[in-house]
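A single chain, nothing else alongside it, follows as structure tokens in the form predicted on its own.
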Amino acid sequence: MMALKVKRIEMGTVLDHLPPGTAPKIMRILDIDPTETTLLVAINVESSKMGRKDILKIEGKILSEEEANKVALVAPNATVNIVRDYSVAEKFQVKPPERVEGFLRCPNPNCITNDEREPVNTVFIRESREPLEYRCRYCERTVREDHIRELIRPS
């Protein structure tokens, strides 16, 4: 039997159960520079639960709650493993937040949040979890799960 051996990390985060092909997008969302960070990226690997999945192992970075919320917008069923002293210290499943403030861009060009003269932060309220859907507090524009990924601003 062949086995792939990957070194354990002393401290960091492992994101598991990511939909296939989302790892690069999550790296962009979390503003991870692969030239400065030790990463293991597994894309489209076999999964008994999902059929196929991505895994992202980030050494030296513990996700904040805001960052986990961003991951939930792209991968609503992702699992976050926080590693300290080479062991999993915390494990939780991300949950799409009820309210998203500041890191989603409104797709409506006429929304006040897109007016450069008005410094207004975007606010989206979750309308539905299945499918994931948010509504802009200011212009009422609805964004669905398949478009949310394009609207997330990097950290």
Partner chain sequence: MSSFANRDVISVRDFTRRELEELLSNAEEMERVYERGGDDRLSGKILATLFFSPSTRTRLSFESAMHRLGGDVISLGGKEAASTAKGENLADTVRTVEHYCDVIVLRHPKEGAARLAAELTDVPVINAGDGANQHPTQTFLDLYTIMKEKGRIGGLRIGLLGDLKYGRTVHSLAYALALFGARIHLISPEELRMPSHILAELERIGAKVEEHRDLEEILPDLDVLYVTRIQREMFPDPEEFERVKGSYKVTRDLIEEHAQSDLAILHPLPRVDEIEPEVDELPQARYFDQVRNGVIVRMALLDLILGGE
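None of these values were measured; they are calculated from a predicted model. Numbering follows the first chain given and starts at 1. So that the term is clear: the rigid core is the largest set of C-alpha atoms that superpose within 1.5 Å between two forms.
The same protein has a further form, the form predicted together with the partner chain, not shown here; the description that follows concerns it.
Chemist: Can you check whether Glu10 is within 4.5 Å of the partner chain in the predicted complex, heavy atom basis?
Modeler: No, Glu10 stays farther than 4.5 Å from the partner chain in the predicted complex.
Chemist: Should Glu140 be counted as a contact of the partner chain in the predicted complex, where contact means heavy atoms within 4.5 Å?
Modeler: Yes, Glu140 is a contact residue.
Chemist: Taking the partner chain as it sits in the predicted complex, is Ser128 near enough to touch it, meaning that at least one heavy atom pair lies within 4.5 angstroms?
Modeler: Yes, Ser128 is a contact residue.
Chemist: Heavy atom to heavy atom, is Glu65 within 4.5 Å of the partner chain in the predicted complex?
Modeler: No, Glu65 stays farther than 4.5 Å from the partner chain in the predicted complex.
Chemist: Please pick, from Thr37, Asn108, Ser47, Asn69, the one residue with any non-hydrogen atom lying within 4.5 angstroms of the partner chain in the predicted complex.
Modeler: The residue in contact is Asn108.
Chemist: Tell me, which of Glu90, Glu118, Glu98, Asp31 has a heavy atom within 4.5 angstroms of the partner chain in the predicted complex?
Modeler: Residue within 4.5 Å of the partner: Glu118.
Chemist: Counting only heavy atoms and a 4.5 Å cutoff, which of 23-31, 118-126, 55-63, 39-47 contacts the partner chain in the predicted complex?
Modeler: It is 118-126 that comes within 4.5 Å of the partner.
Chemist: Given a core-based superposition, decide whether the C-alpha of Gly51 shifts by 2 Å or more between the shown form and the other one.
Modeler: Comparing the forms between the shown form and the other one, which are aligned on their rigid core, Gly51 does not shift its C-alpha by 2 Å or more.
Chemist: Verify the C-alpha shift of Cys106 between the shown form and the other one: is it 2 Å or more after superposing the core?
Modeler: The answer is yes, as the C-alpha of Cys106 shifts between the shown form and the other one by 2 Å or more after core alignment.
Chemist: Relative to what's shown here, the Cα pair Pro20 and Glu130 differs by 3 Å or more in the predicted complex. Does it come closer or drift farther?
Modeler: Residues separate in the predicted complex, at least 3 Å farther apart.
Chemist: So the CA-CA distance for Ile32 and Glu101 moves by at least 3 angstroms in the predicted complex. Closer or farther than here?
Modeler: Closer together, which means the C-alphas of Ile32 and Glu101 are at least 3 Å nearer in the predicted complex.
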